[in-house]
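Given next, in structure tokens, is a single chain: the form predicted on its own.
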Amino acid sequence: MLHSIHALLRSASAVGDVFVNGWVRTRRDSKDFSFLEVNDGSCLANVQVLVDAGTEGYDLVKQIHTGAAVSINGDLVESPGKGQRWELRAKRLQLVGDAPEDYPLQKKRHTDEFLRTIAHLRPRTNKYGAMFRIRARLANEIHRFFHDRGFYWIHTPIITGADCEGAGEMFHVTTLDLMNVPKTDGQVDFAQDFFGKEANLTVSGQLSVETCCLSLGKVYTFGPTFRSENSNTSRHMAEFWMIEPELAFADLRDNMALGEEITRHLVRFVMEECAEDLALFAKYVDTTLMQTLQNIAEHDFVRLPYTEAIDLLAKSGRQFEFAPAWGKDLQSEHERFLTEEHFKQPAIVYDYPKDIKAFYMRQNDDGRTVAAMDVLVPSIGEIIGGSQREERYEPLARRISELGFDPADYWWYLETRKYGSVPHAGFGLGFERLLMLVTGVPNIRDVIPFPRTPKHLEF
């Protein structure tokens, strides 16, 4: 029977006649035997394999280099060496795939910048193996979190004709011949394109998932989103994943409660269920990581209006790169000051000026603000952004026109406000931002297998 190394290393007793497949991390030779350190990706730890002259295939050992793929049959026995309880005493060794000596992961440590240039190989390092196991387990837990609370997963379209955020930073999708683009009156004639109109990759599944919220009650979407912002910061990518729940018959308070609940739940999950992989990041990436996560897991989130937050920042005595002022969005330095220095715990800022927020957010009675909220956490800043949605037809239609959008592009969205509209709310949780939080990794390019950034489209 094929065994995972993760299962073998947790065995309560010796096990005979086991099979292991994996990749060689190191080889150490003595006169009549060799030790192979083998990892199969199931956990951070390797299993030590003793290969001696009595092993079938022993003559292959000197051909096996770091990175080679092997298949081993043997017995799991107690190890006489220090640092491990078990080792595998091989009875048969098979070289499945050789790795020549130019294999680029020979050294123990490599810079993240170098590893981004070989994204096809970096999952074989300890750090990225741990990262992608956490990513997979966290994605699964997100689905379980919503399922246990009665939410339905909705697959929203990746190709869209609507700009959810209104920023215009969208990738175009077309079948037109770019060397001979059809034009009418000097403008691109999208009537000749595949969809008969301009099409883009989505920046958010929110508008689409709202339609299902107004029939199923509690829904969410979890999928890739795209933004053509030409940014090379450590917090931006062109392709990223978003978790976007929507709740019917809900207001801003319900939204804030769900945002806090899911953040604390997922942080606790990683601390409890991914402890071995998490320990690598706490030791080598961010030595304050466990304190940060414990702070989030154990404390209720502070709630304060945007106006109060701006006043607090202005009176803080701190010299910020971007001066805080009412009517301007909070910058990362403001968000981190609030959570790391002033409150020393997570915070939720709500009721933002309407002029800096999207058209779909519910307008408050003061005429100046909307029922928006951002969840801020130490080390990251904003991790969730959301709002109560504008459920009233006339204010929504008026706001779309005020911002210069064509209401005809949103006819279907407006119709949901004509037929049985109800108060509802939702938010977007950036999956990569969440991974940066729980691992302490400072660059968003290092929490996704294949980062998409300006001028980079390999792999």
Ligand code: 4AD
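Quick note: we count residues from 1 along the sequence shown, nothing fancier. These numbers were taken from a predicted model, which means no experiment stands behind them.
Missing here is the form predicted together with the ligand; even so, the following discussion is about that form.
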| query | finding |
| --- | --- |
| Contact residue in the predicted complex, chosen from I383, A119, A282, A199 - any heavy atom within 4.5 Å of the ligand | I383 |
| The ligand: the contacting residue among R362, K127, R227, R336 in the predicted complex [heavy atom, 4.5 Å] | R227 |
| Proximity of R27 to the ligand in the predicted complex, heavy atoms at 4.5 Å | no |
| Contact of G428 with the ligand in the predicted complex (heavy atom, 4.5 Å) | yes |
| Partner contact for L289 in the predicted complex: the ligand, 4.5 angstroms, heavy atom | no |
| 4.5 Å heavy atom contact, I444 to the ligand in the predicted complex | yes |
| Contact stretch among 93-101, 271-279, 312-320, 240-248 - heavy atom within 4.5 Å of the ligand in the predicted complex | 240-248 |
